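Given next, in structure tokens, is a single chain: the form predicted alone.
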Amino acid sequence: MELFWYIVLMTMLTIYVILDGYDFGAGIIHLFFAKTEKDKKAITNAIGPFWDANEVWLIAVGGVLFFAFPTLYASSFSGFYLPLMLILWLLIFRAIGLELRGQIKNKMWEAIWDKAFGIASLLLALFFGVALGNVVRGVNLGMVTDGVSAHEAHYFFLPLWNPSFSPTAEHLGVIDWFTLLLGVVGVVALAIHGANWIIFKTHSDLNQKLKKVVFNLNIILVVLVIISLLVWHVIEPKPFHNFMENPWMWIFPIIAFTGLFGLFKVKTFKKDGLGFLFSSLFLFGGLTSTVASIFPKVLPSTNSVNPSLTLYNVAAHEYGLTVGVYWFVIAAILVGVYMFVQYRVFRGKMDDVGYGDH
């Protein structure tokens, strides 16, 4: 049952990254490339009917984490307290940036909330990439100092950074050069994803420009991915051991690189949705490859005193996990129906939706 709920959790997290990822990316595009009111409206129209529903997946992930893996929930929500609070405030400012902009017809008012929406989207993409970097790197479980554990084996707390800014220090911070690198990967990948969504859902004058932006950003993304794979050896001496022991896992990196290299043809695609498909493949493949690389660990320990948290030592009781399956099936059916109706009602181009006009 632990494996079943782990797959459920990772599936929901992947759906969240793909769906809310294009919202974050659209916000980044809005910040840097939307120069006219027409361009700004095209971007908000493209995400307007979807962004709040997409964010619900993050709440659902938290709910499943609390239910199925309570020890991991307790450990991570205390240890990552500071970045989680920052993410919460960024989600709030991103939402009110979208909702309050159209309340008053004033250029200064609109400019303030445009910046709130764009900057919050950029920082959310950065922090979610940094979060993934923390999971890959691991944390000092038990707050071990000189071989002595100061707290329970599953407890830790991270400041935003440590004095050395190093991912190999005894006392780690949330942000170091490795996690920041993955944060930048997240920003570039989601900017590409958001641009592809705008191209897919609008006839905006920006679209031809965005195809060039996607192509250029994809070159940067390839370089960043290669650098990330090379420096991974600093964190984990044998980063690909799971792939060597389980060759079927190579399907995940293959999917990621299929999406990555497919994006180089974005300028020649006849159908606008193909770019979004390839950026979705990269996000899916990249996230699943990362998860597969540390499996069955869910939060590695950077010390030798306390063991890593795995899906087996953080899971709830077998009885609770079994009973939860029945409720999950009902919830999955309801969510599936909702998403089908939502994306069917708002299928096609979104230029005339008029989101945010009050």
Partner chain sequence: MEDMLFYDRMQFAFTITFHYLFPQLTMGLSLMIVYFKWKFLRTKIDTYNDAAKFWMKIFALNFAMGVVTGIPMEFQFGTNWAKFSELTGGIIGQTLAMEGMFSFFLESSFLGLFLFGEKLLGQKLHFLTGFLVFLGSWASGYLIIATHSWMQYPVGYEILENGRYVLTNFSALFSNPWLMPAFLHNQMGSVVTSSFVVAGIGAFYLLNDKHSNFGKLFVKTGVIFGLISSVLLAFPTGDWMAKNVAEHQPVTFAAMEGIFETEEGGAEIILIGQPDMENKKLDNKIAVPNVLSFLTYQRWDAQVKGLNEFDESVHPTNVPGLYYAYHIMVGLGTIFIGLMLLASIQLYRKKLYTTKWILWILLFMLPFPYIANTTGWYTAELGRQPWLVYDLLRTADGISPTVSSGNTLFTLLGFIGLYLLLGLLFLMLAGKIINKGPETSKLN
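Because the structure is a prediction, the values reported are computed rather than measured. Positions refer to the first chain, counted from 1.
Separately, the form predicted in complex with its partner chain exists; it is not shown, and the next lines address it.
Taken together, the three residues 33, 214 and 220 all stay farther than 4.5 Å from its partner chain in the predicted complex, as judged by their closest heavy atom. With a 4.5 Å cutoff on heavy atoms, residue 335 counts as touching its partner chain in the predicted complex. Although the partner is absent here, residue 28 is not a contact residue: none of its heavy atoms lies within 4.5 angstroms of its partner chain in the predicted complex.
Although the partner is absent here, residue 226 sits far enough away that none of its heavy atoms falls within 4.5 Å of its partner chain in the predicted complex.
Taking non-hydrogen atoms only, residue 85 approaches its partner chain to within 4.5 angstroms in the predicted complex. Segments offered: 177-185, 249-257, 76-84, 265-273. Contacting its partner chain in the predicted complex at heavy atom distances within 4.5 Å is 76-84. Taking its partner chain as positioned in the predicted complex, the residues of 131-167 that bring a heavy atom within 4.5 Å of it are, in sequence order, 143, 151, 152, 154, 155, 156, 157.
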